[in-house]
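Just one chain follows, in the form predicted on its own, and it is written as C-alpha cells.
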C-alpha cells in the first residue's frame, strides 16, 4: 500500500475514533469510549512467547509450565488494564498557543488534571504522528505541559488533532485517545533576517526638519548588537579598541516615527517577501521603543508603540490576503 493511501486510511480511522466531533470546548474529559488499546511490538513478542510456552506445556504435560504461562498471561492482562486506567478520567482543562512565525515550530501549553485521586504514570502528548511531550500527573493536581507542533503557514490556525498516549506500566500495550480542543494560534510572517532600515514617516517639510535634527540626536544608551541594526549605529571606536560589538541608541523626540507601508516594499518580488520585510520592521521598531505606523492595502494602523500596537500589526500581516 502506498504512503498516501496509508495516510488517507489513518485519517479516516482517526475521524472515526473522534466520532466526527467538531473542535471541542475545554475542558475535555476522557471517558471509556474515547480510550483505545493495542499491543506494542514488545507486547506482541510477549504474546508469542506465552503461546510457545503453552504449546510446550501441552506437549510435555508440564504442570509448572501451565502455572508459569497463566501467571504471565495474568501479568499481561493486568498491564492492559493499568494502561487503560492510566488514561481514563484524564481531563484537558486549559490550553493556549503562543504566537509563532511561519517556518518555526508552534509552541503550545496544555493543562491536564484528574479528579479520581489516582496518580498517573508516564504519559505523552503531541501530534498524532509524534506525541513527544512527556509528563506525569499527581492526584488532583493540575500539570502544565509544553510541547511543540509542526510549523504552519502564516494566518490563524486551530491547533488540530492531538494524541495523548501511555505505555505504562510495562510497555506491553499502548493506550491512546485523540483530542481536538477549540484553541487557535496566530502564525505571523517569517521576519526577513537582515532588512534595510525602515523608512521615516512624514513628507516634505517634516522630513526635511528631521534630516536637520538627525545630527542633534543625543546618545541615549548602548546595547548588544542585534542582526538588522544599522551599521551607522555600531560603536566602531569601542570595537576598534577590542570591545564587544554594540549598538548606539539615540533619543530623537522630534523625528522618531517610522512609516511602515506596503509601497515602501514595492520593489520586492512577491507578497510573502513584502510581508516578511514589514514584519521585520515591526519587530525592529518595537525592540527599539520607537513610534511607528503601518499601512497595508485595506488596513491602516496609526502611529503608536508598545506590545499591543505590535500585536495588532503582526496579526494584520498574518491574515493579509487570507480568507476571513
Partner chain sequence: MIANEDRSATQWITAAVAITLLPLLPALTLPLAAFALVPLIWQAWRLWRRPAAMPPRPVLLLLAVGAAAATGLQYGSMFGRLPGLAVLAVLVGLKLLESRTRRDAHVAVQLCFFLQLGYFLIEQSALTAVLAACSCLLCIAALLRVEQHGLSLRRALSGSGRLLLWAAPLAAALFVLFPRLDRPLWGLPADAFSASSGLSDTMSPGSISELSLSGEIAFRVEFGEHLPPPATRYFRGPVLTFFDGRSWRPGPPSGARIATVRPTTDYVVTLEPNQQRWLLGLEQPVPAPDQILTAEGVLMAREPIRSRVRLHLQSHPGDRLVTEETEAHLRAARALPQGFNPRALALGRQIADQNVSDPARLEAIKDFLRRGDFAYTLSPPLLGRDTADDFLFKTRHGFCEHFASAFVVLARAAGLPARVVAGYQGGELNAVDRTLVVRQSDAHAWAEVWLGDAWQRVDPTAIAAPRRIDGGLLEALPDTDALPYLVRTDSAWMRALRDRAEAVAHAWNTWVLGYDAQRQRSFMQQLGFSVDDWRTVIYLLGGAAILWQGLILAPHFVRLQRRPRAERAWRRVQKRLARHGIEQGSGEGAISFAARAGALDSRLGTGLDSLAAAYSRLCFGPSPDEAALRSFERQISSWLSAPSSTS
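None of the values given here were measured: they were computed from a predicted structure. Positions refer to the first chain, counted from 1.
From this point on, the text means the form predicted in complex with the partner chain, which you will not see here.
**Message:** Counting any non-hydrogen atom inside 4.5 Å, which residue from 267, 271, 38, 52 sits next to the partner chain in the model of the complex?
**Reply:** By the 4.5 Å heavy-atom cutoff, the listed residue in contact is 52.
**Request:** Would you kindly say which of 155, 128, 121, 99 lies with a heavy atom within 4.5 Å of the partner chain in the model of the complex?
**Result:** Going through each option in turn, the one that passes is 121.
**Request:** Establish, in the model of the complex, whether 66, 81 and 140 all lie within 4.5 Å of the partner chain, using non-hydrogen atoms for the distance.
**Result:** Verified in the model of the complex; spot residues all in contact, yes.
**Request:** Select, from the options 155 to 163, 176 to 184, 82 to 90, 104 to 112, the stretch whose residues sit within 4.5 angstroms of the partner chain in the model of the complex by heavy atom distance.
**Result:** Contact criterion met by 82 to 90 only.
**Request:** Please run the contact check for residue 237 against the partner chain in the model of the complex: heavy atoms, 4.5 angstroms, yes or no?
**Result:** Residue-level check for residue 237: no, no contact with the partner chain.
**Message:** How about residue 26 - does it come within 4.5 Å of the partner chain in the model of the complex, if we only consider non-hydrogen atoms?
**Reply:** Flag for residue 26 set to no.
**Message:** So in the model of the complex, is the partner chain close enough to residue 132 to count as touching (4.5 Å, heavy atoms)?
**Reply:** No, residue 132 is distant from the partner.
**Request:** Classify residue 293 as contacting or not contacting the partner chain in the model of the complex by the rule of any non-hydrogen atom within 4.5 angstroms, answering yes or no.
**Result:** Residue 293 lies outside the contact set for the partner chain.
**Item:** Residues from 46 to 64 in contact with the partner chain (non-hydrogen atom within 4.5 Å) in the model of the complex
**Value:** Stretch hits, in order: 46, 49, 52, 53, 54, 55, 56, 57, 58, 59, 60, 61, 62, 63, 64.
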